[in-house]
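The chain that follows stands alone, in the form predicted on its own, written as structure tokens.
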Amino acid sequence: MKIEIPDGVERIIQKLNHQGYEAFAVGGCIRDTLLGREPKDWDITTSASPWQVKELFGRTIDTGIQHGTVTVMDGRTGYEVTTYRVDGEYEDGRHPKSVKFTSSLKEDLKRRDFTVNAMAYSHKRGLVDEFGGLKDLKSQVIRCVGKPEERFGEDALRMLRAIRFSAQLDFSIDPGTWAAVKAVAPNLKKVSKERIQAELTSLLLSPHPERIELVYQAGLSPYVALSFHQVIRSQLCIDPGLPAKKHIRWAVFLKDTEEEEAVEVLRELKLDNDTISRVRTLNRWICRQIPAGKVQIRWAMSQMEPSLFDDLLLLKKSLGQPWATEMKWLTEEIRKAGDCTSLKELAISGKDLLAAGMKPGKHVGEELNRLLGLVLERPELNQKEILLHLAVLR
């Protein structure tokens, strides 16, 4: 079996081989290539020590040298080269206390999470598949390498990774692996919220976001976060055709949750403020009925940036809400007509009001918002002279 690998990867492997070291492309890049997918990254594993790798290549970065990883630069592209290793005891359920370098590729592959991620390849030796990864790829199964209880005991995040891979690849989870997830679910409490959130977000952005339900079925949800565990999921339906944007997918997942409770979920999971703000706005409007009239639509448009309003329309359509298609048509007409839907599109500014005699203060902003309300009702009023005439200069 021959696998096409990037020229840069091949150059690194060959250079290591010429110096008497073993070297292979390894892990997810092999899995994805065998599935006909474009790998995001290419990783290399080798019998050479990190210091031997650094000595052999001119441009390197100490990415994680204490764990055997050195990034080798090939032009502007960096490839992580990691020495064969055996992990020491996992004291915190996430990271090995120590690592020991080994000369055995099989020992290195044995420590990996799932069989489909435990394959290596070089043109010299071909595919190295010690644990049935190719068979599981063909059977579309996520299965732990060795005993699943041990793999999850080493790194509890792997339980969420199993579900995330099943959603990304549309694979089933091996019964033994699934049983182990349910048995050791409490171990997830050892994992940071940031790492948990990254896995959940990747799951939601996958072609099968509805499989986030497996997090609950496995008994993992109480250890994700209490607020997450309490999310209402009676009508969980996430259209995989929606854009793979995290604020859109999280908003759909949280659509039946009260606004402040939804925000609490996202904050507890350490999502960024921009995403939280966008989800808050979508959550506020996603189930609110907007009459299919231009005045009402202009009012709704004024409450958020244009791209977010477009996201709201997509969500409403995906949820089969009444008037969603008509709202889209009317929105296009409003934009085509150039109607004002925000303060920055208003024909006058605070400076204009001050120049006309208004005293500085918060009432300047209040008056601008009042004038915007008039323009939302009657777009033809959006002219500087008219608005100055209508302004209350107190």
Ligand code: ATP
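Fair warning: this is a prediction, and the values are worked out from it, not measured in the lab. Residue numbers run from 1 along the displayed sequence.
As for the form predicted in complex with the ligand, it is not shown, yet the points below apply to it.
Within 4.5 Å of any heavy atom of the ligand in the predicted bound form lies no heavy atom of residue 100. In the predicted bound form, none of the heavy atoms of residue 135 sits within 4.5 Å of a heavy atom of the ligand. Mapping the unseen interface onto this chain, residue 32 counts among the residues with a heavy atom inside 4.5 Å of the ligand in the predicted bound form. Contact between residue 164 and the ligand in the predicted bound form is found at the 4.5 Å heavy atom cutoff.
Screening 40-48, 349-357, 364-372, 65-73 for residues having heavy atoms within 4.5 Å of the ligand in the predicted bound form returns a single hit, 40-48. Checking 294, 112, 246, 211 against the ligand in the predicted bound form, a heavy atom within 4.5 Å turns up for just one residue: 112.
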